[in-house]
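Heads up, the chain below is alone and in the form predicted on its own; it's given as structure tokens.
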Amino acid sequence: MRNKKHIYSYALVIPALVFFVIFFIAPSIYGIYYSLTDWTIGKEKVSFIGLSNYKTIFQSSELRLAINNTFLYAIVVVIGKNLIGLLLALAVNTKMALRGYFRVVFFLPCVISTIIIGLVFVPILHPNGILNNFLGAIGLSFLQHSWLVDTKIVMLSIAAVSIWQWSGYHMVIYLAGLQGISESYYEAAKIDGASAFKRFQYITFPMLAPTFNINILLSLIGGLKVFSEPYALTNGGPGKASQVIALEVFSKFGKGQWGLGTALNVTLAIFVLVICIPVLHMMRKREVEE
């Protein structure tokens, strides 16, 4: 009977494993190989060139700018999404009126296509757009900027749009974590005279460690792989000021520089692995058990 159960388990796993190998492992291996070649449009024969594509990536000022922009964007959105998502979760977890309505409103932007979000925010962030007109009308003209034109702040503007769109998604995950914390901890803390801040510091924050891990990893991976937001809002402009790695991959493939584009894609995958695995390892150390 036990052998039959094992056979049944393997019968369920093997189709998924085959699917994973065919559609993920094999393309990844091919991708690594082609990143080491001069694979370009119009070439009759693909030749092995070693690490030349990777040298080009780190020697090109344009590609280094894309890498720097990607890291800047990732850092800003990780902080912004998690901070605002946590604050929203704490707010809608209270016994406030219409809390169900507010949960839906805050979550709604993340179900809208990023392209649609971009089409909406381009006129809002235009130098003569809604946001600047509003700031001028309320006497805050000193805060007016060319949000998507100024090369110094364009990445921050794109990150702000992303934070607005996805904070509700992270709110839901934090909310699930908050509702999984037993009320008995808070009741005992209240009896001991702990303030709201102390209850958050010594109960809520440690107990949310697994939720923090999920949210930070999701936002970090999403930040490093960003494509839709800069594509929809600026298409990498002005000039190359908001170009990111994924946009450069898209651009290189569009120009027929497939080997270089594949090397960029492999570089992005390495960045994600090298950064996310240590972050996950460090963060899991602070998890506590109920």
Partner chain sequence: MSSKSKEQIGRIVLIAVLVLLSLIIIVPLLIMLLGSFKDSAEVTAFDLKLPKKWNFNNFPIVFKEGKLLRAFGNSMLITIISTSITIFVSSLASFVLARRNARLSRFLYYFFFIGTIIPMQIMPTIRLFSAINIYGGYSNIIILYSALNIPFSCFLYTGFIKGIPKVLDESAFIEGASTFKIYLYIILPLLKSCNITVLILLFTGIWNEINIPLYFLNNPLKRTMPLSVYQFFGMYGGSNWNYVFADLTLATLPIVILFIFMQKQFISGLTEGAVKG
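In this text, the rigid core denotes the largest set of C-alpha atoms whose superposition between the two forms falls within 1.5 Å. Predicted model only: the values in this text are computed from it and were never measured. Numbering follows the first chain given and starts at 1.
If you look for the form predicted together with the partner chain, you will not find it shown, but the lines that follow are about it.
Proximity of Thr70 to the partner chain in the model of the complex: non-hydrogen atoms within 4.5 Å are absent; the residue sits far from the partner. When contacts are judged by a 4.5 Å heavy atom cut-off, Leu220 does not count as touching the partner chain in the model of the complex. Looking at Tyr30, you'd find a heavy atom of it within 4.5 angstroms of the partner chain in the model of the complex. Contact check for Ser184: every heavy atom lies farther than 4.5 Å from the partner chain in the model of the complex. Exactly one listed residue, out of Ser113, Gln201, Ser195, Gln144, brings a non-hydrogen atom to within 4.5 Å of the partner chain in the model of the complex: Ser113. With the partner removed from view, the residue among Leu156, Leu108, Ile75, Leu83 that has a non-hydrogen atom within 4.5 Å of the partner chain in the model of the complex turns out to be Leu108.
Proximity to the partner chain in the model of the complex, taken as heavy atoms within 4.5 Å, picks out 169-177 from the listed stretches 145-153, 201-209, 75-83, 169-177. With contact defined as any non-hydrogen atom lying within 4.5 angstroms of the partner chain in the model of the complex, the contacting residues in 195-229 are Ile214, Leu218, Ile221, Lys225, Phe227, Ser228, given in sequence order. With a cut-off of 2 Å and the rigid core superposed, Val279 has a Cα displacement that reaches or exceeds the cut-off between this form and the one not shown. In a rigid-core overlay of the protein, Val18 has its C-alpha displaced by at least 2 Å between this form and the one not shown.
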